[in-house]
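Next up is one chain by itself, shown in structure tokens, the form predicted alone.
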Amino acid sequence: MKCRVIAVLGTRPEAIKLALVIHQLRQRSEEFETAVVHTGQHRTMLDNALKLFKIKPDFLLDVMRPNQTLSSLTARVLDTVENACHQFEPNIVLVQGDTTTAFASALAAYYCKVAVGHIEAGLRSGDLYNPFPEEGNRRLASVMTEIHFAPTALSRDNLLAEGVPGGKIVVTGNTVVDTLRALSDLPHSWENTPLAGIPRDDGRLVLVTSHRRESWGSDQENMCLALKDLIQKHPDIRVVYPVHMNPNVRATVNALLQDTDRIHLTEPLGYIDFVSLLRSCFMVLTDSGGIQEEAPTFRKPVLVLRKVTERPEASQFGMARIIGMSREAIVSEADRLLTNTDAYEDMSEGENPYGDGHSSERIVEAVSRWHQRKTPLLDAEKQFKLPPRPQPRRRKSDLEVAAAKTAVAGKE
């Protein structure tokens, strides 16, 4: 008998990270009957992503409301996903990450006594309000999960520390790396996109994104002022900032940065446009969790505009630095990368610690084995392993620098 699977998504990141999982399930149609549930938590941006990946939802729930509260959104997702479960009668519901859609869908499956597979399980910041509500969402989803698809060994260890049985955890790598590898070689032009007006000169591009709830207000104001400082200090850079659609974000950013020379505020980008910009930029300033996972694929240094991160692997590998949202810290850390070649190169080396491009295959194989009651869910040698950690380049001592200068002077 086929395994009946519901894959739930409600935001663009969920679509990006679930797209190849859905394609893998549908390629194995002799084993799986798959339904895609689109809650509509983020409607426009999600629809564009689904079109890119040629995914047509089987259930379109349309839960989005203007200025919706978290509680009202949670209630609508819970109710509508529960109805979808009653109609489709799945064996397992797959949820992705830490959105309200993921948490409420896991709860709906639990109420229907249907198994939950949590993709990107085990991420933890250790602070329930940072990020908010994502940290709470992912912790709560874990309580109701049957199969925990942990992207890294650190995520697995977080789950083990919380008492999750090791036999229910599979280390898969992050599916976003699969998607990036599939899309990054496609030809792309900035014409007829929000990036069209940005000069493609010799200037270095600094990609900025910031939208988290905990950053609204004074923190976001500090960031905007820091960007102005950097523009004045470095005449060769251009800041490209795709501004999130949330009106709380837009009000602050537009008030402080609109019409500022060499700061380009754009509409939110389609995913192909974003990938192209990420490949072209010099460095990234972001409070996004997903971009922390994506940038290492293209070896772009990331300055994380947060106090804590649930994705510490890039920091541990030297490819990201957590700097917070103070004006002084942003200027200082960005200036270091813009002026110090060694510091920049140290953050631009090594393989992506979040995945190897085969995460979706591991997830689908584990679901298949779960349905057939096979153990382990995936052999240890087939699970994702971290790549070797790059060694920091050796710095010359003051004596070596002085000796080199003396040698050069002697030849002149």
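Throughout, we count residues from 1 along the sequence that is shown. Keep in mind it's a predicted model, so treat the numbers as computed, not measured.
As for the form predicted in complex with a small molecule, it is not shown, yet the points below apply to it.
- N246 is the sole member of N91, S315, N246, S72 with a non-hydrogen atom within 4.5 Å of the small molecule in the predicted bound form.
- Taking a 4.5 Å heavy atom cutoff to the small molecule in the predicted bound form, the contact residue among R43, R26, K385, K51 is R43.
- Checking 81 to 89, 207 to 215, 221 to 229, 257 to 265 against the small molecule in the predicted bound form, the stretch whose residues place heavy atoms within 4.5 Å of it is 207 to 215.
- Proximity to the small molecule in the predicted bound form holds for none of G173, T309 and E351, with the criterion being a heavy atom within 4.5 Å.
- The shortest heavy atom separation between D178 and the small molecule in the predicted bound form exceeds 4.5 Å.
- Taking the partner from the other structure, the small molecule in the predicted bound form has a heavy atom within 4.5 Å of a heavy atom of T100.
- Using a 4.5 Å cutoff between non-hydrogen atoms, K374 does not count as a contact of the small molecule in the predicted bound form.
- Contact between S368 and the small molecule in the predicted bound form is not found at the 4.5 Å heavy atom cutoff.
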